[in-house]
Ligand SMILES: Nc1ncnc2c1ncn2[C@@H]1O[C@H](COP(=O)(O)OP(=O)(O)O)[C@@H](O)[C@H]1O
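One chain is shown next in structure tokens, namely the form predicted alone.
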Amino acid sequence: MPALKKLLSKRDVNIIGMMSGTSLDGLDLSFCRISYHKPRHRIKIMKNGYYRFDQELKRNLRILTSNAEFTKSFVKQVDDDLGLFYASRVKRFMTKLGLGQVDLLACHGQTILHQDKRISKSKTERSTTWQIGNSSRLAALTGVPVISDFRSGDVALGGSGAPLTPICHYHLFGKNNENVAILNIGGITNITFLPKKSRRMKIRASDCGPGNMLVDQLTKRLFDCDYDKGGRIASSGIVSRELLSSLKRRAWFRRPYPKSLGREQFGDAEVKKIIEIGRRNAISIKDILTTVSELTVISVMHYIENLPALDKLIVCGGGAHNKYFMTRLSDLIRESVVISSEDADVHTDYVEAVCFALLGALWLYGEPANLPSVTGASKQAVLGRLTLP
């Protein structure tokens, strides 16, 4: 196939990275020009865009990520609907910005199941991860080849399939003269440590804790708001030591690093437990939110304490807009500079979309994208699956 042969020969490639995360709010898109270069590929971020999920799709995705019962046909329906949503928004994005040639779409998909055997009580379970978003529909309706299903290859090799962004952080933020950590506060927090003068295999990374996931759900339940804008509610309360101590006894917190986390730890069941503990101990709803926000910070610090002294902590994701998180991190990591990724020239809301654009490029270049020391896989592997239009 001449078109495929031409694509595989490219070293300068235009890719749209697509990311929809555990917060289930919508789709982030980043149009990037990626050029092959050693040791770090060159990434030029051209345009970014965001599209909210419509209410029906969002509701159905929440059902799939909950413990509710549903039929196989329902799973397939939502998979198809999400593929249609992705395709329509990508086409709108391309038309609105007048994008010329797009060589690839690199689509993370929507995670509806993620279980890391390293934090499971059973020693015989395998890690499991499942992302939906019908790449065949996406490719057919946009006319652009799609790289998707990035996590399955790592899981097939005994890994957890997460986190995958550390190799991308190396290309985006690595410095030869600084110890740098990149903290993504999305639905889940994950952190990547890039030691100065290090190569890829020296990278350390792990998921840390709940990020915005618990805070957002509690804000909705307790205050009827979608999220704690700017961390204002959390900043107005005080930390409950009883509740914080209870949360720190959870299995996910005590398991060794590296590990990966998901809605299985921070979904509806956990929210109900937190509210019940609050009621039982007469903790105000403001203090519940402050305490759970503090849990996000403490779980990050729990990991950072095991690292060499940082010169810089770069924060990205929606949590970078939360002043409670940023203030507490600055208070607790006094020896290093805490900045948002925008100060490092990457918009805080689109770092993960850029990362998946880069993962698409790594597939094209035939380069391994996983780090076995991070995911637990038996070896490195080229990740992703090609779907042609």
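Sequential numbering from 1, following the sequence displayed. Everything numeric here is computed off the predicted structure, so don't read it as measured data.
Keep in mind that the form predicted in complex with this ligand is missing from the display, and what follows is about it.
Heavy atom of each of 126, 252 and 376 within 4.5 Å of this ligand in the predicted bound form = Negative, none of the three is within 4.5 Å.
Contact residue in the predicted bound form, from 134, 111, 212, 206 (heavy atom within 4.5 Å of this ligand) = Only one option qualifies, and that one is 212.
Among 159, 319, 166, 258, which has at least one heavy atom within 4.5 Å of this ligand in the predicted bound form?
-> Only one listed residue qualifies here, and that residue is 319.
Can any non-hydrogen atom of residue 185 be found within 4.5 angstroms of this ligand in the predicted bound form?
-> Yes, residue 185 sits close enough to this ligand in the predicted bound form that at least one of its heavy atoms falls within 4.5 Å.
In the predicted bound form, does residue 308 have a heavy atom within 4.5 Å of this ligand?
-> No, no contact at 4.5 Å.
Tell me, yes or no, whether residue 229 is in contact with this ligand in the predicted bound form, where a contact means a heavy atom of each within 4.5 Å.
-> Answer yes; at least one heavy atom of residue 229 falls within 4.5 Å of this ligand in the predicted bound form.
Look up in the predicted bound form whether residue 380 has a non-hydrogen atom within 4.5 angstroms of this ligand, and give yes or no.
-> Heavy-atom contact with this ligand at 4.5 Å: absent for residue 380.
Could you tell me which of 22 to 30, 357 to 365, 41 to 49, 333 to 341 sits within 4.5 Å of this ligand in the predicted bound form, going by non-hydrogen atoms?
-> Result for this chain: 22 to 30.
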